[in-house]
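One chain follows as structure tokens, the form predicted on its own.
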Amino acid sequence: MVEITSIDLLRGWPSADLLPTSILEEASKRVLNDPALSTPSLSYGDEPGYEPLRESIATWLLQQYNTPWTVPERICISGGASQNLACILQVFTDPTYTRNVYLVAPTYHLVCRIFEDNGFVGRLRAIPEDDDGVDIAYLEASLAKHEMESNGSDQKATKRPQVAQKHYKNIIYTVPTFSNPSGRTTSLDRRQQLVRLARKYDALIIADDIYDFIQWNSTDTNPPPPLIPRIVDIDHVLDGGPTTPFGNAISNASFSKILAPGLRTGWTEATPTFIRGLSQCGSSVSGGAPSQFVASVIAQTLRNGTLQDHIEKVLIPSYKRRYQATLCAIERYLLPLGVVLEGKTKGPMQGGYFVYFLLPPCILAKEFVLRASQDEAVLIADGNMFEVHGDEDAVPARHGVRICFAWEQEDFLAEGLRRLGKVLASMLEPEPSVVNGRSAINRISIES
């Protein structure tokens, strides 16, 4: 049997061809060759993070979102979105006081463990979404139900009060723009409703905004679509602004998808009071700001514009081609077999890393993924991965499949989807009604 080339449509990483090694090399040399830059970058940093990077991020975000309130005091540097989520939970939740974590589902498959590690095993709640984002009515019903069940009998927090620290009663986790895995983007109206709901039920919205800058217009002639206001910005202005100094929404962002995941550097934007509390997380106070040296390198790429150029001239054109090639192949090889695409794939606003589709009801994703790997050497993600731990039946994803178009070589995307079409067609073929010879007797014996 001839071995065929493996095609990886599972890994949610940027392609190795898109890693900006020359940009990072130039920025690193600039830092290391100047003692005024190298000394602070190689030392322990201030808890909120490397100040020149905070300043550069604030300037960049102001330009992107037209948010004059985005200032360095609202920015805290992190060791990436995942590490930052853990720090947020350490400072702003208490498992004896915080009731539940609500996750828009299907959800990012590795996030459940972070919540469970912080004491929320058995208290993760799946909230469904549609093409406009989180189902607000479903979420409010769940929040109200648990509010009624508590009936004012909330236990006191056991964590010792710290400077600029607040414990929220509820946590809401979402990837509002080009969600992983569904690729959906939450509408402006739903974002506003979500903020009002968070204020009503003392909830903190943790918005993973890591795909915001990877977007494009579906046509070549129109300019890029405007960015939808982030939930953290809506919280800043909606109905007069935050109802507490801490606010009810934060933006959790990262350089992993726009520079390189190995840099392990990101940032939070929130109210100055929230940022002060987050910067006093024990690991930051003890070890100083995370990613101090890398932060100094990234600051150079923002200040000289090489990061912005990389996004605009390298990443977006490549991901747009990849996305369109993936959609064309799905339409050719899978839609005729009964596959249904999720999300607004034909809208003017496109982006992110993923395409998500549903298999015909008679096909389970887990079986399809196994057959794709065994028969055609194609790796993909089945929907079961993205169900919320402990609440799987609330929003089941047993027929869902996620395709990542960011990692594999561009020329292999269509071939991978052709092979998936071949697998699905074989799984949909009816079994022969007549089997000749002894095999028929054996089959009857086995089935009886």
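Just count from 1 along the sequence shown to find any residue number. Computed from a prediction, not measured in an experiment: that's the story for all the values here.
Keep in mind that the form predicted together with a further copy of the same chain is missing from the display, and what follows is about it.
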Residue 16: touches a further copy of the same chain in the predicted bound form, heavy atom cutoff 4.5 angstroms: yes
Residue contact check: residue 319 to a further copy of the same chain in the predicted bound form, 4.5 Å heavy atom: no
a further copy of the same chain contact in the predicted bound form: residue 364, any heavy atom under 4.5 Å: no
Contact flag, residue 44 vs a further copy of the same chain in the predicted bound form, heavy atom cut 4.5 Å: yes
Contact segment among 303 to 311, 111 to 119, 70 to 78, 233 to 241, judged by heavy atoms lying within 4.5 Å of a further copy of the same chain in the predicted bound form: 111 to 119
Contact at 193, 340 and 426 by a further copy of the same chain in the predicted bound form, all three, heavy atom at most 4.5 Å: no
Interface residue in the predicted bound form among 351, 95, 272, 229, criterion: non-hydrogen atom within 4.5 angstroms of a further copy of the same chain: 95
Partner-contacting position among 104, 281, 204, 139 - heavy atom within 4.5 Å of a further copy of the same chain in the predicted bound form: 281
Sequence-ordered list of residues in 281 to 309 near a further copy of the same chain in the predicted bound form, where near means a heavy atom within 4.5 Å: 281, 282, 283, 285, 286, 287, 288, 289, 290, 291, 292, 293, 294
